[in-house]
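Encoded as structure tokens, the following chain is the form predicted on its own, with no partner shown.
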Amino acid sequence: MLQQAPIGIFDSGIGGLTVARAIANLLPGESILYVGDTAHLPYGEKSPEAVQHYALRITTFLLNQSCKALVIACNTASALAYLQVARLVNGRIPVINVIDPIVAAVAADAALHKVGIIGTRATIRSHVYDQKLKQLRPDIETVSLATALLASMIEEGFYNNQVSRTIIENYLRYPDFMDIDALILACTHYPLIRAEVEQFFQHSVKVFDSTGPVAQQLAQQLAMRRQLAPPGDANHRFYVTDYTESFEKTTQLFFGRAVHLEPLPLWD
């Protein structure tokens, strides 16, 4: 029965659909149950206690849907609520965040010595990537920059065009980035601009985003537990805690194909 159970994924909004897309591509037999907490986005503007409260409420819902794994597809929730979520789950199913897999991938590359990090203000202020990288690789130097405009730019459909190139270039000209070996895209929106970032650096800088490492770690966890779904038709469901037509239109940018959103009244 666990092989047929869905994978629970949640985010503060719809950016986490880039992670869901990578999982669906790598594991096409797996069913996904996605929750975007659009009633409370952005999490980056909320207190740690509020983010933890939202994350635990959504986790309880996903556990009640008999999910066989849980993915926190949000950098802010991964930084502020992962420990609380893992404590609630209590080892019953794997819990994967979007920070640790990408940090492990960067740390494993011995050729990297200076790493740039871009993300929302909340993620950059948390210093979570810097701290976790230092724990694994004390020799790595990190430099971070809050790139506040990028997420809203992407949601408005501005990527792979002159507008996005101008904004991206203005950020990436940050002097401390001039001699980096790698750049971490520390936001689930940013995979959509990965090619533009690589082009800016003329492919001389390794660019990392969470989608591939998270999907790979999930596959490994399910394989270890012999819970990978057999080939067949996956049944995806996508919920938002505050439905609007604009959210539904934007989802195709992130998931790569049309998505039907269902309202989920989690909040009284």
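This is a predicted model, so every value here is computed, not measured. In case it trips you up, residue 1 is the first one in the sequence shown, and so on.
Just so you know, the form predicted in complex with ligand DGL exists too; it's not on screen, but the next bit is about it.
Contact annotation: ligand DGL lies within 4.5 Å of heavy atoms from the stretch 37-45 in the predicted bound form, the single such stretch among 214-222, 199-207, 52-60, 37-45. The listed set 76, 97, 147, 144 contains one residue whose heavy atoms approach ligand DGL in the predicted bound form to within 4.5 Å, identified as 76.
Proximity of residue 193 to ligand DGL in the predicted bound form: non-hydrogen atoms within 4.5 Å are absent; the residue sits far from the partner. The closest heavy atom approach of residue 187 to ligand DGL in the predicted bound form falls within 4.5 Å.
Taking the partner from elsewhere, residue 112 is found to have every heavy atom lying beyond 4.5 Å of ligand DGL in the predicted bound form. Not displayed here, ligand DGL is approached by residue 123 to within 4.5 Å at the level of heavy atoms in the predicted bound form.
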